[in-house]
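Here's a solo chain for you in structure tokens, the form predicted alone.
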Amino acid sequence: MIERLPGFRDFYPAPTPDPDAWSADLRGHIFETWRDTARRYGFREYDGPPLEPLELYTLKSGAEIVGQLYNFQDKGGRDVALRPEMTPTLARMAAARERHYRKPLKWFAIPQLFRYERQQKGRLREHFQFNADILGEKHPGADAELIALLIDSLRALGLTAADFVVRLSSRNAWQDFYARRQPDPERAYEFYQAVDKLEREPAEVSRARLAALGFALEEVREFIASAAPTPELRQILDDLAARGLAEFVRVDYGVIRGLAYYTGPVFEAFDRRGEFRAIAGGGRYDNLVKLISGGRVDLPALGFGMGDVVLSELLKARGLDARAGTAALDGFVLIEDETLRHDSLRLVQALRAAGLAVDHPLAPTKPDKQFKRALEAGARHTVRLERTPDGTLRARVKTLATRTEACLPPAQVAARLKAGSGTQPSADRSEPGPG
């Protein structure tokens, strides 16, 4: 049997075959929530190709990133790579067409991303990610808007302030800290990398890294512990407090974001119990569009990414994955009399055309098996056609939650199903059994 590649996932419809299997229903629920929240914030969806020129990533991150990529030479002799992140694609697209749009741009995407790296908890070789970005606005109000979107995206999935916190920091604050002690700007990124790994590396390793740059571990920890917001961060905090979101965010200079292109406020969302990797992260990258465009376009920008792997694990741990559930049907049309199959199929098609989710037996099947199938599919109603002695077609609609049944003309079935089980049934009542 051919197995899937390491670090990649199969997504199964619910109920999944085992507890460790990835749920397509949960993924769909997450995607729908991301899209709904982004649109409520006025963000527009975009997308780009999963295959990009390798230079798009080496230009931003240097040649060392190649070891983390799925890269190859295509049949046209071009060096290409599967996208490991979405921000360079966004910068490329914005630089090419930014004059077509009014600023600021508020765009989002849900790409699938690929990285060839060691698998670990919460990190695979592919994942889907919610990317939201604002381009063309320098004011801290844009930073607050983006963080609010991040918070509400998690709240919409059922998470609360007891479940997660957004840790807010500033590359500007760290740059000032660095410049006061180290005159060599060329080593700043090395310093940021050391700070970024403080929580993940042994103290001895961090101490040695920092000492090589002229810093003491204790002074770095003291700066982090101070958590004194800069005027820029204070504006963001006040903005979020005005929205009633203050309990979801706190200043934490332990967050620095390891990527070199960040230029201002940065942030990461973490579960408060500390059981998982960062849920999301982002910040300002005001120079990236200029870099990608070769200096032709200069747009301030900021954004965040939220992956589906850690988020799915967190939702499962909090018992919130059940919200995805099995996609329920509005109705299941039973065909117990095969002479009425064509009439039943006509009804099925009419109900689907009315926007209802409806299924039916594809082949002649015993009534009890049809009814069992309806229950397994989560159908809210069953519908069964019958012909009266005078030749008139009637539909028996059973509401499975209440076991009540109504008998009505086929033309009225769609309205009945849309009304749901709250509608008072007719005088007819359900009889026992699958019918």
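On a predicted model such as this, the values are computed, not experimentally measured, just so you know. Quick note: we count residues from 1 along the sequence shown, nothing fancier.
Below, we refer to the form predicted in complex with a small molecule, which is not included among the displayed structures.
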property: Proximity to the small molecule in the model of the complex (heavy atom, within 4.5 Å), stretch among 303 to 311, 74 to 82, 329 to 337, 234 to 242; result: 303 to 311
property: One residue of 178, 261, 107, 223 in contact with the small molecule, assessed in the model of the complex (non-hydrogen atom, 4.5 angstroms); result: 261
property: The small molecule: the contacting residue among 171, 207, 167, 115 in the model of the complex [heavy atom, 4.5 Å]; result: 115
property: The small molecule contact at residue 281 in the model of the complex, heavy atom, 4.5 Å; result: yes
property: is_contact(residue 139, the small molecule) in the model of the complex, heavy atom dist at most 4.5 Å; result: no
property: is_contact(residue 182, the small molecule) in the model of the complex, heavy atom dist at most 4.5 Å; result: no
property: In the model of the complex, residue 129 touching the small molecule (heavy atom, 4.5 Å); result: yes
property: Candidate site 343, 378 and 399: all three near the small molecule in the model of the complex by heavy atom within 4.5 Å; result: no
